[in-house]
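As structure tokens, one chain now follows by itself in the form predicted alone.
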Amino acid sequence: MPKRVDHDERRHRIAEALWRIASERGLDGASLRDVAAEAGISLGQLQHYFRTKDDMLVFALGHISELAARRIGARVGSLAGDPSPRTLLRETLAEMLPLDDKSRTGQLVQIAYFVRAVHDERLRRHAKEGIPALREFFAAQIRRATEGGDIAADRDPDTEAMLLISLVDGLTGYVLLDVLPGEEAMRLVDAHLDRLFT
């Protein structure tokens, strides 16, 4: 009998091969042929799943976003009891920073996507869909903390949520460039949360 192929698994393997190449050379350095070789399949097999490099990039971006959401969900889900809004925010922000090899690779790939997405509407659409959802999650935690008296009532939850996202985005670049160690980035996150929470 012919061997059954798990098509989802193969797509994910292709996406992960793309990430490995992109984290070292950027997305422009990832040809279909290189990705196929890295994934251990033929170019023809890769093109069975993705006709063009852009198709592959769009799929890989969605997959990396899904994995990041799962990682954040697992980290938050591992917290005992009913975690406070501050704890949920801190743990989510920590998961967004490149504090280990896996998250560092993920962030390098995200930056490579960002550079390409500036001029590519298909890739830009992922940021346009993902960031509002993250902002709303953060804003909901800030509203919850405000109702509990832990954040001043005059703080705008949507503004504060976007400031948190922007803080982590900025710190990520400095950690990747070895300007700041990860521990210092987390200290700055904690300092900002100390100012936000009364």
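The first residue of the shown sequence is 1; numbering continues from there. Quick caveat: nothing in here was measured; it's all calculated off a predicted structure.
What comes next is about the form predicted together with a further copy of the same chain, which does not appear here.
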- Item | Stretch in contact in the model of the complex with a further copy of the same chain, which is absent here, among 160 to 168, 41 to 49, 63 to 71, 140 to 148 (heavy atoms within 4.5 Å) | 160 to 168
- Item | Site test, L57, F59 and D100 vs a further copy of the same chain in the model of the complex, non-hydrogen atom cutoff 4.5 Å | no
- Query: Would V118 count as touching a further copy of the same chain in the model of the complex under a 4.5 Å heavy atom rule?
  - Reply: yes
- May I ask you to state whether I131 is within 4.5 Å of a further copy of the same chain in the model of the complex, using heavy atom distances? yes
- Query: So in the model of the complex, does any heavy atom of K53 sit within 4.5 Å of a further copy of the same chain?
  - Reply: no
- Message: Taking any heavy atom pair closer than or equal to 4.5 Å as contact, tell me whether E24 reaches a further copy of the same chain in the model of the complex.
- Response: yes
- Could you list which residues of 161 to 198 come within 4.5 Å of a further copy of the same chain in the model of the complex, counting heavy atoms only? M162, L163, I165, S166, L167, D169, G170, L171, G173, Y174, L176, L177, D178, V179, L180, E184, R187, L188, A191, H192, R195
